[in-house]
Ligand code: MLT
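Only one chain is included here, represented as structure tokens and corresponding to the form predicted alone.
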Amino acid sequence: MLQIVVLGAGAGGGVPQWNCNCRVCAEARKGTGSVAPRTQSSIAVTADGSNWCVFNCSPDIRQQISDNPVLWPNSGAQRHSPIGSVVLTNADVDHIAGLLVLREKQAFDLFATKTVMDVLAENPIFNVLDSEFVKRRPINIGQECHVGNGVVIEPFLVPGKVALFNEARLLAEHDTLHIGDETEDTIGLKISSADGGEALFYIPGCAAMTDGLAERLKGASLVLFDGTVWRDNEMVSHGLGVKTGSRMGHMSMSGNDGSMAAFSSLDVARKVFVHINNSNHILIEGSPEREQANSAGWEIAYDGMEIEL
């Protein structure tokens, strides 16, 4: 059996975002319950109830650990953490910046594709993770990998893009970003227990639903999927930015090309949106967007959400 805890259900910046007073962020600050605050994207998984693997290391990881007692040090130890490994699905800031918090000479294994490992290696600030304690372990697409006590992953490519902070360099080198390409910059994960049983799919970033991805997810027991934006141009229409969801490498929830339509024929038993942007009105309890998603069988992740599989 796997236990899953959603540590952070928000996209980059979380909810409320520090400098934003949009409808969602304003409601979250009021504390009325219409919008629950959310930290930035991360989940934790265990197969034995004691040793945990964190998937994506949010800038909010310190708060997330404090908010979830299962991740606290054992009471009888001066220094300890039940977090034995961290797995990265891309090199976005909201998925790697939290590594700088985990720098206190605590042993854990760090798993990522070679492409993402290269990004970390090119940024010397990540050398605060003492290599004597933190072992960097590249993962290979399509190959199962044990990442903790009884937790097994199988990484696969999904349409995505290079991390935002590397866009300028890529443009200078190649004169194009190739948004939506399937490269090691963005991966999805099949997560299972070494003892067998049902598996979950974790895909917090995805630019499009391909035939191959749809076939992979067909009949799945649980999928945690990219819920960044409700509609492609929502940040522009709300006056919150100039980029569309597709430009950021995220497919929208709604519309004929959206994720809800793409999943409608896949017979997935449980579907949960994660990595939800503050611009997305699905975060508002009772909103038309929330009701439409719920009617289509989708759950909206929240910080502290617990799932057993």
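Numbers follow the displayed sequence, beginning with 1. Given the structure is predicted, the values throughout are model-derived calculations rather than measurements.
Just so you know, the form predicted in complex with D-malate exists too; it's not on screen, but the next bit is about it.
Visitor: Hey, in the model of the complex, is M248 touching D-malate, heavy atoms inside 4.5 Å?
Guide: Answer yes; at least one heavy atom of M248 falls within 4.5 Å of D-malate in the model of the complex.
Visitor: Give a yes or no for R38: in the model of the complex, does one of its heavy atoms lie within 4.5 Å of a heavy atom belonging to D-malate?
Guide: Outside the cut-off, so no.
Visitor: Would you classify A220 as touching D-malate in the model of the complex, given a 4.5 Å non-hydrogen atom cut-off?
Guide: Judged by the heavy-atom cut-off of 4.5 Å, A220 is well away from D-malate in the model of the complex.
Visitor: Given that the partner is absent here, does C145 sit within 4.5 Å of D-malate in the model of the complex, heavy atoms only?
Guide: Looking in the model of the complex, residue contacts with D-malate do not include C145, since no heavy atom lies within 4.5 Å.
Visitor: For the chain shown here without its partner, which stretch in 125-133, 172-180, 146-154, 86-94 has non-hydrogen atoms within 4.5 angstroms of D-malate in the model of the complex?
Guide: Flagged stretch: 86-94.
Visitor: Quick check on this chain: which one of A199, L164, L71, V101 has a heavy atom within 4.5 Å of D-malate in the model of the complex?
Guide: Residue within 4.5 Å of the partner: L164.
Visitor: Heavy atom within 4.5 Å of D-malate in the model of the complex: which residues of 17-31 meet that condition, in order?
Guide: Not one residue comes within 4.5 Å of the partner.
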